[in-house]
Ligand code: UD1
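Taking the form predicted alone, here's one chain by itself in C-alpha cells.
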C-alpha cells in the first residue's frame, strides 16, 4: 500500500458511470474472524480477505501476542498455538476499534487480558460498558484504570445476559468468552448483522455449541476446546452499497458482482423508493439511475435496517434527488462532519441535531476536500464523481482503513480517478 498520509485522489467528475465491478471481502467480518483465531491452538485459514490497513493493524495485534501469521493473495493463515502474552500495547489498542475483541478470546483461553481503550473513527460515543458488564457476569474481574483495562478470571461460567442495546462488538466479545466457559450462556438482544452471523458460523465450524444464529437470542453451551478450520469471508455489503451509490449519484448504469443481495435489502428498497431501477440476483446487483431520482426519507439503524455506514454516501446520492430528503442518524452522534465540505461543493444540506435535510437536485462542482473518516471519505469520492470539474481528496489513510483499491473498482465503471 502506498503512503496514504500523503497520497491524494484526483477525480475528473460529471460523467455517468457504467460497466461492471466486483466487491471485496467484508472488512468487519474479516476483523472478527481474525480475532476468533485466538480461541484455538490450531491453524485457521481464511479466503477473500480484503487488502486494507485495518486488516494489517489487526494482524499486527495478533503477531504482538505471539501468533504466527501467513498472508498472501489467496488466503490468510493464522496459528495462535504460540501465544506468549496477554497484554496489548496502547499503540496497537488505539489504532482500531476492533482491538477490543482480543478480550474475550484471551480471557477464555488464558484467564487474563490487558488492553487500552480502543480507537477508530471519531464518529461519536461508543462505550464498552456492555463488554465489561457481560464479562463480569461470566465470572471475570475487570478493572479500568484511566484508559487501561485489566481483566482476569480463574474460571468462566455460563450466565444469562441481556444487552442494553444490540452492540456488534459487545455481542462478539461475549460470545468469544462464552464458547469456552463452563455451562450454558444465554445472551439476549444480540446484534444480528450478517458479519455476526458469519462469525457464529465460523465458531460452529471450530466446534462451538451455539444455537439461535440470526435471531436476537443466542444459547451457547461451553466446550473444552475449539479446533482449526477454513472459511471464505462474506462480501462487504457496505462497499457494495458505496459502489451502488456512486453509480446512482452519477445517473449511471452498472452491475456489481460478488454481492449477497440478501444482506442489501434495506439499501435496495430505498433505491427503489427513489425511482432507481435495481435488479438483484444471488451474486450481483444491477443499478439503472437514468430516470429522475425521487427524494426519500432514511433512518440509519442497526441491521436489518439501513446501515449507518452508508448514511454519508446516501446523503451525497440524495443531493441529486428531486425534492427534500431527510436522513435520521440514530446510531452515532457525530457522523455528519463531512457535510460542511460537501456544501462547499454546491450541495444544500442542513443539520438539525441528528437529522439531515437535503435539498435537490443540486449541481455539484469540484473542490479540495478531506476524507474525515472511512465512510465520509467514501462520500467525498461520490461527491467528486457527481461534481463537474476536478475534485482533490486528501487524508486517504481513513479510506484505506475500509476500502481496498476503490479507485480500481471505480475505474472498471469508467470513473476518471487517479491516486498520486
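Keep in mind that this is a model prediction, so the values were computed, not measured. Numbering follows the first chain given and starts at 1.
Keep in mind that the form predicted together with this ligand is not shown, yet the notes after this line are about it.
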>> Looking at heavy atoms inside 4.5 Å, which stretch does this ligand contact in the predicted complex, given the options 338-346, 285-293, 91-99, 199-207?
In response: 91-99
> Does any heavy atom of residue 331 come within 4.5 Å of a heavy atom of this ligand in the predicted complex?
Replying inline: yes
>> I'd like to know whether residue 266 contacts this ligand in the predicted complex, with contact meaning heavy atoms within 4.5 angstroms.
In response: no
>> I'd like to know if residue 109 sits close to this ligand in the predicted complex, meaning any non-hydrogen atom pair within 4.5 angstroms.
In response: no
> Is residue 165 one of the residues lying within 4.5 Å of this ligand in the predicted complex, judged by heavy atom distances?
Replying inline: yes
> Which residue, 320, 173, 308, 86, has a heavy atom that falls within 4.5 Å of this ligand in the predicted complex?
Replying inline: 308
> So which of 147, 129, 230, 262 reaches within 4.5 angstroms of this ligand in the predicted complex, heavy atom to heavy atom?
Replying inline: 129
> What are the residues of 174-195, in order along the chain, with a heavy atom within 4.5 Å of this ligand in the predicted complex?
Replying inline: 193
